[in-house]
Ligand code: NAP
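Only one chain is included here, represented as structure tokens and corresponding to the form predicted alone.
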């Protein structure tokens, strides 16, 4: 049963207004609204970026339920509209909701000086630090797939298949499928490099490995759910599906294909 609630918002006026409105309504409905991350339900008020920031700030905690209230632009990850707040509160009081597990992507980067690790809900994007052509060997479970030459590589979860991956002509993946998707950014084919033009979908237990070629720069720009950092002297990048999941609260009215139609068509 949900009794303790944490609310995250962004700096926009509409988000701040909605946070205060939501707080008041939750308190009037006998919920305990807290500032700590020790909560049964964590509510993100904003757009998809705010939802992703909420996950980062709570370290992708597998224990609470997460839900978003849409106050941004696209809002594909946001389950509740502002005019549905009263219905939403009534539903969580009466436990009328479903729980959806969402897989987490873990990126492990081995460098000359140590190991860096990142988590993502949507995707990890690998590019050369100065946005020049990326030269890497793509391996899946120790088998060489291709010598990639191009702008970069996206590895996405099913949830992330409708984010950057979709813009790069990747496939939409139904969210309950336990897979990872590899999508190329502007691959270049030549006599030395042969890259696949279509995305690759593999079971989530497989290990995706990218090894920079020694004759080219190994300073890599890593973008994890839109948060970018440069990692110097990269020796190897492994991208795997984390054993942990986050749990998303969804209302019974939710339909994935309706969401696709509303947001993209």
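Residue numbers count along the first chain shown, from 1. Source: prediction; values computed, not measured.
Only in words, not in the display: the form predicted together with the ligand, which the text now covers.
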query	finding
4.5 Å heavy atom contact, residue 123 and the ligand in the predicted bound form	yes
Residue 193 within 4.5 Å of the ligand in the predicted bound form, heavy atoms	no
Partner proximity in the predicted bound form: residue 52 to the ligand, non-hydrogen atom cutoff 4.5 Å	yes
Residue 187 within 4.5 Å of the ligand in the predicted bound form, heavy atoms	no
Answer range among 162-170, 84-92, 109-117, 143-151 for contact with the ligand, defined in the predicted bound form as heavy atoms within 4.5 Å	162-170
In the predicted bound form, the residue from 232, 226, 203, 62 that sits within 4.5 Å of the ligand by heavy atoms	226
Residues within stretch 76-99 having a non-hydrogen atom within 4.5 Å of the ligand in the predicted bound form	76, 77
